[in-house]
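We begin with a single chain expressed as structure tokens, specifically the form predicted alone.
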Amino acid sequence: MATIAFIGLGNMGGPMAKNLLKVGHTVTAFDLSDSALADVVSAGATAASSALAACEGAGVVITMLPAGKHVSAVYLGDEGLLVHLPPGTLALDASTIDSGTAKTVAIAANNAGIHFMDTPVSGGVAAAAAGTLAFMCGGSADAFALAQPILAGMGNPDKIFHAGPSGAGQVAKAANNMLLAIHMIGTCEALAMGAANGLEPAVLSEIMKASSGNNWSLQVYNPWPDVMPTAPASNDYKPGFMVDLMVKDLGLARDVASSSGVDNKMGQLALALYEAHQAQGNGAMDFSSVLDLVRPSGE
């Protein structure tokens, strides 16, 4: 078992840290939120007064932070962790950020003799709590081999992928979430069209699941209320993957596409629709609530 420093204990990081504790790892944790830190400490972690303090004696560092600027601040510069971590430390950044920042941190880590991987996740809060996350990893083969047994404590071992070199995990995450947004919007439009013409959404869902329109949103995350009891749509679109986060991820996908000469018209349209939904005050709702943007009012 490993001694792990876990930095960033939000909706995703908190459950991930708890799952590491459940499988027997020793976890020292830090977060700017006292309540988030206290929650993980109550599950068996040790509290640290700073990110650097959390890393004392740790062989593995895991960060789960909001954006690239936060990742840079934690790892880089004279006060960053890379100056202080001993060579041979494994550092895993599970944040969803731009691939450029991931590459910059990886170069600095390599120069310091530290194994660094960008390891963004898929599955949302429910998978984080259940320990069934998928991981998309960017970095060296050696770092991936070291990372796999750690990531397996937080995710499905069959869904831990080595996407490629540094930054590749972030590109894979951007591509995945762009496609997720597109097929969720399409699913919402199809169900709304059927319901507006007298079809029962549950029946139409089964028809499409058995046909060529089948997709993940229909299988496990139906956006129509009360069709799938376990989906956020059946609980006032909470909890889940927030619209605010989908807007962030679609922005990252737009930037990846633009920088590589890809004309992602569908991704850009999905971003515009989610931004419109967000502007109506729905940022904290699950992203499947985009149904309300496309179905007739009052339905």
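Not measured: the values here are computed from a predicted model. All residue numbers refer to positions in the sequence shown, first residue = 1.
The protein also exists as the form predicted in complex with ligand NAD; that form is not presented, and the subsequent description refers to it.
Q: Can we say 3, 135 and 153 each have a non-hydrogen atom within 4.5 Å of ligand NAD in the model of the complex?
A: Looking in the model of the complex, the three residues 3, 135 and 153 all stay beyond 4.5 Å of ligand NAD (heavy atoms).
Q: Heavy atoms within 4.5 Å of ligand NAD in the model of the complex: which stretch in 142-150, 82-90, 121-129, 102-110 meets that?
A: Going by heavy atoms within 4.5 Å, the stretch is 121-129.
Q: Out of 20, 285, 291, 9, which one falls within 4.5 Å of ligand NAD in the model of the complex, going by heavy atoms?
A: Comparing distances to ligand NAD in the model of the complex, the residue within 4.5 Å is 9.
Q: Heavy atom within 4.5 Å of ligand NAD in the model of the complex: which of 64, 253, 243, 45?
A: Looking at 64, 253, 243, 45 one by one, just 64 meets the 4.5 Å heavy-atom criterion.
Q: Report whether the minimum heavy atom distance between residue 30 and ligand NAD in the model of the complex is within 4.5 Å.
A: Yes, residue 30 sits close enough to ligand NAD in the model of the complex that at least one of its heavy atoms falls within 4.5 Å.
Q: Looking at the partner-bound form in the model of the complex, is residue 205 within 4.5 Å of ligand NAD by any heavy atom?
A: Flag for residue 205 set to no.
Q: Mark residue 178 yes when one of its heavy atoms lies within 4.5 Å of a heavy atom of ligand NAD in the model of the complex, and no otherwise.
A: Taking the distances in the model of the complex, the answer for residue 178 is no, it never comes within 4.5 Å of ligand NAD.
Q: With a 4.5 Å heavy atom cut-off, would you call residue 95 a contact of ligand NAD in the model of the complex?
A: So residue 95 counts as contacting ligand NAD.
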